[in-house]
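Next up: just one chain, as structure tokens, the form predicted alone.
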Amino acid sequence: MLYRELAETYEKIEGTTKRLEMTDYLVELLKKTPHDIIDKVVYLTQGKLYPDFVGVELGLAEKLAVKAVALASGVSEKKVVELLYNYGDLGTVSEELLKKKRQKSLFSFNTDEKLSVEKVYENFVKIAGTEGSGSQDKKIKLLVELFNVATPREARYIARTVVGKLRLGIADMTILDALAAAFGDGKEHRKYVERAYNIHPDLGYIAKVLAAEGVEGVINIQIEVGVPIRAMLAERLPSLEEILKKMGGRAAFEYKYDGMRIQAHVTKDKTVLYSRRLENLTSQFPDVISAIGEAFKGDNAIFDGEAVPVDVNTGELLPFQMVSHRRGRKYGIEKIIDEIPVVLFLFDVLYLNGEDMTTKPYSVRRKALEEWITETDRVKFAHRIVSDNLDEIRLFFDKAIADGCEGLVAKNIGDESIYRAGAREFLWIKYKRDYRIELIDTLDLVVVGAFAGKGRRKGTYGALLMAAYNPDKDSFETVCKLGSGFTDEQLAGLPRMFEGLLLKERHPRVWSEIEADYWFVPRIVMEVVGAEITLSPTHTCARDVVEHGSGLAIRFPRFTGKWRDDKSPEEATTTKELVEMYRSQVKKVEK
């Protein structure tokens, strides 16, 4: 398959902000893709080589990519850097330089040699895997090899992909829609494709199964130890009374720990750890691997839990920021283990001794967890009660807060209480301490834009434009401007932090009627607190849901200091959650 067919599709997608049109272009591309390389086409369209949990990143340092563009186009690196500064996009620079070279010289471009998808993917894999002495020169050579054959338009997308900035605005859910439409009966079969994705989040693999075996093949996809499952998430309600009513009058209440969500895949030979975002954390938590190996008595399992840092001197639970210091480390692991040890609090088992446990009720899963895990100093069960008594639950809540937790998670204990991978439903409901006071509760919001700083903040961003996530529309809807809560150091570092996410125009998945000075790829999630939720004619969050012509806004928002790099943008606070919180606020005022 020719790479130009991908480039043509990417250009069409880039030219629209309408999700349905994007989906149609993808369907057209998928239908004409040979089945044996459809996984590669899907990965390339995602801007990657493999699913995230494999842990192989294509991203080439922009400095090396600049050298490759200079060599391929016959201009100086300085010239490429100047153009990059002007355009802000190496893809456009590559396209323009190759176009000019072929127009102005007798450059011998072999039109008989066409760039294939297989060749592009092969060189990208080599670039990602090249290490050691002379690796930089080898990577540049591999990229120049592609540029020398590529058309200017192909060069645009090759350059963007290799530096990790493809930016097509396509979310995984859009690709799922396209796969269901291309190889199934659209909406009728979408639920089967999404279910497969939730238990085997590898879109390339799912595409290959669909293309070869149809929907029946996707229905037969099962949980595998070693392949992470998309985490089940909790809804929220503002009062214990409402939670109990929603749960049918009785529920399990577990501590809501302020730690790092971890999914442990355990066999007799090895243990692999994944984050909530499906990143492989195995190398960063050897102490957790050792601890769970000692605690588990079975053959194989997948556990869901929370890794919580503890004070070695007092045994007290420490805040999330402490355990986050261990993420991404390649060196000094043993030292950090001594400084910041963690306890793994397990609250669910998703697979056990060859059996899928996600289809079983919560009570069955909890019993199995307690049967096959022996508690140790480093592996414990999430503390819980099962109750229908409000006074008992309130006391348990107060104890959770005193023990250093964020609050409670209420869990349905009926026959319907299966583990819904990738879903956020009222089978689980979180109740945090701050619900007692209007909106002192924290929100996880996505940065979509910024405003130029003035006065003391001149030279950096004065405020960030924050958004909530609307899963029904797969869009990010603005809810506030955030300018408080930052240290001077944090403010100074903001331009550098968002440099790689900077866009010339608003991202197609962002709905904003506010014109920001800068636009970003919606990727960074931040924890925010505010005074209350108000109606807003300016912001787009839940526009027309509560009142016609108005959205919702956070009044007096403030950054808590916590960067939620454990959450993807799609796991941020949803518009639906904000509507529920607003309505709860109104009820309190009316009382």
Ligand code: AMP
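For every residue, the number given is its place in the sequence shown, counted from 1. This is a predicted model, so every value here is computed, not measured.
In what follows, reference is made to the form predicted in complex with the named molecule, a form of this protein that is not presented.
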Tell me which stretch of 423 to 431, 140 to 148, 372 to 380, 466 to 474 has a heavy atom within 4.5 angstroms of the named molecule in the predicted bound form. 423 to 431
Go through 156, 256, 265, 509 and name the one with a heavy atom inside 4.5 Å of the named molecule in the predicted bound form. 256
Which one, 409, 281, 209, 97, lies within 4.5 Å of the named molecule in the predicted bound form by heavy atoms? 409
Partner proximity in the predicted bound form: residue 296 to the named molecule, non-hydrogen atom cutoff 4.5 Å: no
Given that the named molecule is not shown alongside this chain, does residue 306 nevertheless sit within 4.5 Å of it in the predicted bound form, heavy atom to heavy atom? yes
So in the predicted bound form, is the named molecule close enough to residue 285 to count as touching (4.5 Å, heavy atoms)? no
Taking any heavy atom pair closer than or equal to 4.5 Å as contact, tell me whether residue 124 reaches the named molecule in the predicted bound form. no
For 335 to 355: residues with a non-hydrogen atom within 4.5 angstroms of the named molecule in the predicted bound form? 347
